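Below you will find one chain, with nothing else, as structure tokens; this is the form predicted alone, and questions on how it binds or moves follow later.
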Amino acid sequence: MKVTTIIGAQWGDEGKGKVTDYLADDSKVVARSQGGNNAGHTIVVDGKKHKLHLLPSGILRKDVVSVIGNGVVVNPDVLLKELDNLESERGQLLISDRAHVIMPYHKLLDGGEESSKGKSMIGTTGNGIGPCYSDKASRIGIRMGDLLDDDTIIERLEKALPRNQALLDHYGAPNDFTIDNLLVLCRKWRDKLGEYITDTSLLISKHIASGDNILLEGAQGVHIDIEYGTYPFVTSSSPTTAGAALGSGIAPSKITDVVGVTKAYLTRVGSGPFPTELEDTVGEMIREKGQEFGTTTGRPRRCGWLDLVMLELSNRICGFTSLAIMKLDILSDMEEIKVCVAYEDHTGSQINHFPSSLSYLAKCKPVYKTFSGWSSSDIDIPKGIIPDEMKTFLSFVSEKLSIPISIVSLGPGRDETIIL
């Protein structure tokens, strides 16, 4: 029995969906543990591209039980649309009765809050994720299990709606929400999703007791974690190993393997310092070749060289047992490739650990180690052959972080993967 957690080790968009889909082949249960439809996981199966925002990446395997855990915030309309798009291609789905519901006023409020920040905008997806988590923390949220009973829905709305309407008035966002029209909406969701709602913590625990392999899938990445990310440019949940355990309803001690997923380079969406950012033709080349545009928002991602200072922090708080290095194919046929191994601060001192202060980080410059590039013609995926230059690059990353590399991805498809 293994309980494996898939963690994004950067700012998100690392390729966690592909890794989850690949490892789901040996798993009985795949569970999403946090985030909402601000996530975007792209999976390619037999040449067909699937873009998932709420559904766990194991949903494309019919013999896998896919779970939306208690740590996830659920937009029922988005979920229903994804289910309709997959039709008969999907496996079984279960939703935690403790997962919170993104209500229509959350999305409207998200836009109002973000616009009010002006130049200090965080760069949210505008999908209501933050306001929903805010209601959860304020103890006025509505959970998926609440949808099963009219009296409970009304009781929750009587507490949540006045507060959210007052905030919408503050931001100048008019609305016509009433308890009656929201109750009608909740009933519609119950009719279509009620059969999937259950105590998923109990279900996962039963599978663990039976010796089944479990896969926990996070969203976003460690460096937008609410605790250890580049605050305030962070998400509203915890995309860490601890967050995966809590958000799926299992004890942390049950987790046996933690796979840190990182691109061979680095990307970021939204605002905030980015020491290795490439604002030149190399950065443009990586963006275009890697199709670095948000799955959820379509926004172009900022691109830069791989940053091992960031990965040291990710490993420190998540405890990676192995790494999955994604999109190595994008760096093929370049003359040289750089990796950031340290920062030089504004005083000229070298630092090796990621700082918490964004003003300090903004003044840091990357210290690089340069590697020779490799040719794409020297890669033979079916035979597991990779160029010596790529081996040198991978060995350095592994040794520098003291983490073995278990997966190398050389394309979006399942078959474009090498297990080391």
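These numbers come from a predicted model, not from an experiment. Residue numbers here begin at 1 and follow the sequence given.
Only in words, not in the display: the form predicted together with guanosine-5'-diphosphate, which the text now covers.
For the candidate set T256, N181, Q92, T295, a heavy atom within 4.5 Å of guanosine-5'-diphosphate in the predicted complex is found for exactly one residue, namely T295. A single residue from the set L394, C364, V44, I386 has any heavy atom within 4.5 angstroms of guanosine-5'-diphosphate in the predicted complex; that residue is V44.
Within 4.5 Å of guanosine-5'-diphosphate in the predicted complex, a heavy atom is found for all three of G17, R301 and K327. guanosine-5'-diphosphate in the predicted complex comes within 4.5 Å of no heavy atom belonging to D21. Residue contact with guanosine-5'-diphosphate in the predicted complex: P355 places no heavy atom within 4.5 Å of it. Though the partner is left out of this view, I405 does not reach within 4.5 Å of guanosine-5'-diphosphate in the predicted complex, counting heavy atoms only.
guanosine-5'-diphosphate is not drawn, but in the predicted complex it has a heavy atom within 4.5 Å of L410. Residues placing heavy atoms within 4.5 Å of guanosine-5'-diphosphate in the predicted complex fall in a single listed stretch, namely 328-336, out of 344-352, 328-336, 144-152, 198-206. Using a 4.5 Å cut-off on any heavy atom, none of the residues of 63-98 reaches guanosine-5'-diphosphate in the predicted complex.
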